[in-house]
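Just the one chain here, the form predicted on its own, laid out as structure tokens.
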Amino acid sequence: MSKLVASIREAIEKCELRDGMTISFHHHMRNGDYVLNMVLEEIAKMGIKNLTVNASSIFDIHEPIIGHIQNGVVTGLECNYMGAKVGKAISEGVLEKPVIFRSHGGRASDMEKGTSVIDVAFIAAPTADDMGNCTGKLGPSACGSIGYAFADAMNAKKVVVVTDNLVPYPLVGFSIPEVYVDYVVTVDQIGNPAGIVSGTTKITRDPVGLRMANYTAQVIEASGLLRDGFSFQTGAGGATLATAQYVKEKMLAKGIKGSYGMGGITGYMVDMLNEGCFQALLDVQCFDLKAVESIRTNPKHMEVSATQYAGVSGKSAGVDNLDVVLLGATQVDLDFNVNVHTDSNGYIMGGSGGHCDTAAGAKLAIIIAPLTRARLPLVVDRCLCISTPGKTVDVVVTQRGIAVNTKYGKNAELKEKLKAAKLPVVEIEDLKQKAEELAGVPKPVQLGQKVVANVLYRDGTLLDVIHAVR
């Protein structure tokens, strides 16, 4: 027996894909992914229309989807993150129906609850055998963890594995097992692994970024959470990586043995694991090629599904035990609500990803961002879009001061600890005033009436909407 078919077209035919169905993709190849475009191009040639695409993330490389929206192949779009190129078209109203934005944990949970139904899932697999056992850790297109694809494979009605590295059965060390897979198809290349790199993946040398990183590391230390058993998540931006470096130095100097690092993993987190700062890494996606190599060779670097990472449908998740998470922002408002979906002019250029998931779960959720960007203030009266509710945010760190969120009956003790550590603690209103002194008071953004996106919270409830730009 073999599940191998000759082409993507044959796989689509065998799955009996029809007008009006929903297809899904995962994003572990990130901006190097070829599979989404490849599949949509074949679907368009077959004359299938009115499809909903549920992709864990949409990157700039997926810009051809705009043409498929315009020609009626794609009429619905659901994702957790959207890059600026497709985001601009969506913000200008190219899609008739609103995009549905979820969080990483919320997407997996909605599939498991049956509120998000996938007819056919296409799994980009760097290595697979002819029965569908597959992994992202091996092969010329290795991307590391494929944790976001687990929910697609386990819950879709039909599952197609697309690979460029077919190996004899059985694949040793598979991630997704054959029991969920209907068909396997080989292609010349599923993507460019160099495109998986996220953010800068280099520690910032900018004085502003380094000051914010230094403040943030001191906040973590002063909080009392930097102790044996410490758990931590950070992103791939320059300032957050610098913070991780400072935290590592403090842990090594004091002999602190943390429990786990989590989330999208970079080489800097790998270094922390290798130097004994953590017992393990829980990896839902790899942010650079050093992380890919680590997850392939180090048993302490473990692959986890989106559900185990941040879901709300399981009995627990990694975020539930997280001590500290470092997060970014394009806007923060006076109620500590955070926007990571749009820029300051209202154009879609991001998404929650795990932002609201980790903020909800972590004991200390820190927003680290410069006070102004492109001469626009970080702190505003109200965010253009609420991506993460303020009640789950604890601290905002900028180069001009640190605001502690005590608006929801919490963090009073933390605020006093930071003051005692001689950190520049100010009110959120003070940060807004300082930003406006630097950049001026921005003109109100004029948005249209049309709703171009619905932003769902991790539990599936509507958190906010995004309006079209004029």
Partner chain sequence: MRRSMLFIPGNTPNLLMNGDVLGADSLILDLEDAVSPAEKDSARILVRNVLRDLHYKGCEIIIRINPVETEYWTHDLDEIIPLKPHMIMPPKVSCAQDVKTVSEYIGRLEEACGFPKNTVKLIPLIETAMGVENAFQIASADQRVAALFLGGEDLTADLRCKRTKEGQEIFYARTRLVCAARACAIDVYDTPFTDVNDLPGLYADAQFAKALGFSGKASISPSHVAGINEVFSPTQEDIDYAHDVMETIRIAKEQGKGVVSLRGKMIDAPIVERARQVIEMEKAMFGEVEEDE
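Residue numbers count along the first chain shown, from 1. None of these values were measured; they are calculated from a predicted model.
What follows is about the form predicted in complex with the partner chain, which we do not show.
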Using heavy atoms only and a 4.5 Å cut-off, determine which of K363, R211, K202, K88 is in contact with the partner chain in the predicted bound form. R211
Checking K391, K158, R296, R400 against the partner chain in the predicted bound form, the residue with a non-hydrogen atom inside 4.5 angstroms turns out to be R400
Thinking of the partner chain in the predicted bound form, which stretch from 136-144, 203-211, 318-326, 171-179 has heavy atoms inside 4.5 Å of it? 203-211
Classify K422 as contacting or not contacting the partner chain in the predicted bound form by the rule of any non-hydrogen atom within 4.5 angstroms, answering yes or no. yes
At 4.5 Å between heavy atoms, is L438 in contact with the partner chain in the predicted bound form? yes
